[in-house]
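Only one chain comes next, encoded as C-alpha cells, the form predicted on its own.
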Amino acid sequence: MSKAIQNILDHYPAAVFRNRKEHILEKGGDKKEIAANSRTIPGIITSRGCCYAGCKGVVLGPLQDVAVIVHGPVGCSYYAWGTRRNKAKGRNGRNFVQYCLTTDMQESDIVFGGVKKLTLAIEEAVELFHPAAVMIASTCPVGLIGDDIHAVAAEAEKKYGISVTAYSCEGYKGVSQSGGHHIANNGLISKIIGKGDMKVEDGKFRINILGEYNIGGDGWEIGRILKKIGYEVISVMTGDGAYEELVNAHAANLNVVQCHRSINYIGEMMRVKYGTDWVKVNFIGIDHTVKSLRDMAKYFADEALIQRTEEVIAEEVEDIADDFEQYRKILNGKKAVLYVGGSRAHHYQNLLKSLGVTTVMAGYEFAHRDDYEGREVISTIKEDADSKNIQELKIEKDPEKFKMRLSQEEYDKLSKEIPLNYYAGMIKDMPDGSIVIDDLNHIETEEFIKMLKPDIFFSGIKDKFVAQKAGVLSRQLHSYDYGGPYAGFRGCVNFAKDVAMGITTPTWSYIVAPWKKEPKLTGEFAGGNQ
C-alpha cells in the first residue's frame, strides 16, 4: 500500500480501515485484486443508488412506449424519474419517458395493502396512454408488506391484452443499483426479448445496441454513424428504445455492449438462448470509436462493410480534426479524476488522454470485480448472501430461434483479435501510479482532491459539489450537466468544448477550499484545565 493511500485510511477506526483498504489500490503496486460489489459501511456517505434505481431508473425508464408504473411512495418514483436525461423522440404517438407514473402509496396502503391501488393505476395508464406495454417496479414498502405485483401483472395482461410485467426490485435488495440492473435484465430476457415474429436472415448487418441509455442524445449520434456505415439497428437497450423493437431483438446477428455492468447479463443470456455473440465496444473518444467500428466490421467479415467503415471513419475524423485540436491545446497537461457508475469511468479515460489529460484516479459506484479486472476473474468471485438475493436464471437454447453465427474455428480465431464475449476491465488501461477506488465516499473525495490536486473531477450529482467547493471543476457524466451528446466523433468535440469552457472560467480563482481555511497547527494545553 502506498504511503498516500495509507495516510487517507488513517482517518478511519480499525474496522473501517480493514474494510476500505480492500477497495483501493495503486496501479502497478503490489496489490492486484480489488474488493467490489459489497455492502457500504453504515454511516459512510456513499454516492451509490439503490436496487430500485438500477432497475427502473437505469434500465426500464428510458423505454419510450412503455408505461413504467412505480408501486410505492411518490418520492421513489420522482427520484428515478427526475435525475437522468434519457432522451426519446417517440414513435407511433407514444413517448412516456417524461411522465412520472406512481401509485403514490400512503400510510393506509402500507398498513392494509396496495394491490387495489396498483390495479386501478394500471387501468388508468392503459385508458389514458394506450401503451405498447406496462411494467411495474416495486419499492421497499412493497417488499416489506408482501403485495403480489406479479399476480396483479398477470391478471392485467389477460384483461387488457398487452404485455404487463412486474419487477421485484425493492431498494434494499443487493448492495447497490447493480442488483436492479440484473433484475431488469432477467425480466426482459424471460418475458419480452424474442416474443416478436421477425426472422433471422443471413447477409444482414443487424445489431442490437446494449447498455446505451441516450444520455444527452448519445444513442442518436451512435445510431447516425452505424446507419451511415450500413448497419440495421434492431433495438437499443434501452435509450430511446421501444417494447415493439425489443421483442425482435433475437433477430440481430450481433450485440454490441456499451455499458458492461448494466447489461452484460442479457449479452450472455442471448448468447446461450439465441446464439448471438456480443462485442464490447466503446463509442467515447476518437480512438475507441474507431476501434469499435473496426471490430464490428471484422466480426461480419464483409469486404464492402469493412471498406465502408474505413470511409466513414475518415470522413468523420476529418470533420472534427480542427475543432478537436483547438480544445486539446487548452486542456493539454491537465489532471482528472473519474468517479462514475456504469463503464463511464473507463470509457472517458481514452478521450481524456487524446486531449492531453492524465487520469490520476478512477473508480465506480456499483461495479463488480470483473469491471475492474476483466471477465477472467468471474470464476474466482465469492458469492455472498447479498448476491443470492438476485435470481440467476437458467437459460436454455430456443429450439426455433437459436442460430450459430460462427463456426468454432472462426470463433477461436476472431476472439484473439476482438473483444468477443469479453471485457478486459478498467485497470488494464490505466497508467501506472494512478489510483483505483471502489465506492468512493465523502471524506475520501475530499482527501484525494487535497492529495492529487486534479484540475477536473468527473462524477455524479451527489459528489459534484464536494469537488466544486474545493475549487475544482466538476462535470457530471451521469447527466452531462445538460450538455451532450458526448459519444461518437462529434460528441468528442462537444465534450472537449464543455470541459475547456468550464476549466477556463475565472470562477475557480474566487473559491477557497475548506482545508485552506483550517489552522496549520493544532495542539492542546498540558495540565488539564489550567
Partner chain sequence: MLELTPKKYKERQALRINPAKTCQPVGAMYAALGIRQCMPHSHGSQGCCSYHRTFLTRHFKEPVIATTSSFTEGASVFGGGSNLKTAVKNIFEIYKPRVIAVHTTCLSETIGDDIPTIIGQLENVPEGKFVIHTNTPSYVGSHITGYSNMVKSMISYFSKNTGQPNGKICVISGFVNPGDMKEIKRILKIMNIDFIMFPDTSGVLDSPMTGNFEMYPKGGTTVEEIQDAGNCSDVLGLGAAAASAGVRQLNKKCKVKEHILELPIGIEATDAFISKLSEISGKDVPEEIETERGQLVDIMIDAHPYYDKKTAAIYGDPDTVLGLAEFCFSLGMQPKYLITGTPDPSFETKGKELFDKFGAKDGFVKHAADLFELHQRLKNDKVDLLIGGTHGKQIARAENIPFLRMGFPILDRYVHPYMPMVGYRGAMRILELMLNVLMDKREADTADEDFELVM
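Numbering follows the first chain given and starts at 1. Given the structure is predicted, the values throughout are model-derived calculations rather than measurements. Rigid core here is just the name for the largest C-alpha set that superposes within 1.5 Å across the two forms.
Separately, the form predicted in complex with the partner chain exists; it is not shown, and the next lines address it.
K.L.:
With the partner left out here, if you bring back the partner chain in the predicted complex, are Ile41, Phe96 and Lys462 all within 4.5 Å of it by some heavy atom?
P.N.:
Affirmative, all three are within 4.5 Å.
K.L.:
Which of these residues, Ile34, Leu60, Ala53, Ala496, gets a heavy atom within 4.5 Å of the partner chain in the predicted complex?
P.N.:
For this set of options, the contacting one is Ala53.
K.L.:
Can you work out which of Gly174, Gly285, Gly267, Gly219 has a heavy atom no more than 4.5 Å from the partner chain in the predicted complex?
P.N.:
The residue from Gly174, Gly285, Gly267, Gly219 that makes the contact is Gly174.
K.L.:
Using a 4.5 Å heavy atom cut-off, state whether Gln468 contacts the partner chain in the predicted complex.
P.N.:
Flag for Gln468 set to yes.
K.L.:
Would Lys403 count as touching the partner chain in the predicted complex under a 4.5 Å heavy atom rule?
P.N.:
Judged by the heavy-atom cut-off of 4.5 Å, Lys403 is well away from the partner chain in the predicted complex.
K.L.:
Even though the partner chain is not shown here, does Pro506 get within 4.5 Å of it in the predicted complex, heavy atoms only?
P.N.:
No, Pro506 is distant from the partner.
K.L.:
Please run the contact check for Asn248 against the partner chain in the predicted complex: heavy atoms, 4.5 angstroms, yes or no?
P.N.:
The answer is no: Asn248 has no heavy atom within 4.5 Å of the partner chain.
K.L.:
Choose one stretch from 232-240, 87-95, 335-343, 286-294: the one whose residues place a heavy atom within 4.5 angstroms of the partner chain in the predicted complex.
P.N.:
This holds for exactly one stretch, 87-95.
K.L.:
Along 96-130, which positions have a non-hydrogen atom within 4.5 Å of the partner chain in the predicted complex?
P.N.:
Sequence-ordered list: Phe96, Gln98, Tyr99, Cys100, Leu101, Thr102, Thr103, Asp104, Met105, Gln106, Glu107, Ile110, Lys117, Leu120, Ala121, Glu124, Ala125, Glu127, Leu128, Phe129.
K.L.:
Given a superposition on the rigid core, I'd like a yes or no on whether Trp508 shifts its C-alpha by 2 Å or more between this form and the one not shown.
P.N.:
For Trp508, whose C-alpha is compared between this form and the one not shown after core superposition, the shift is 2 Å or more.
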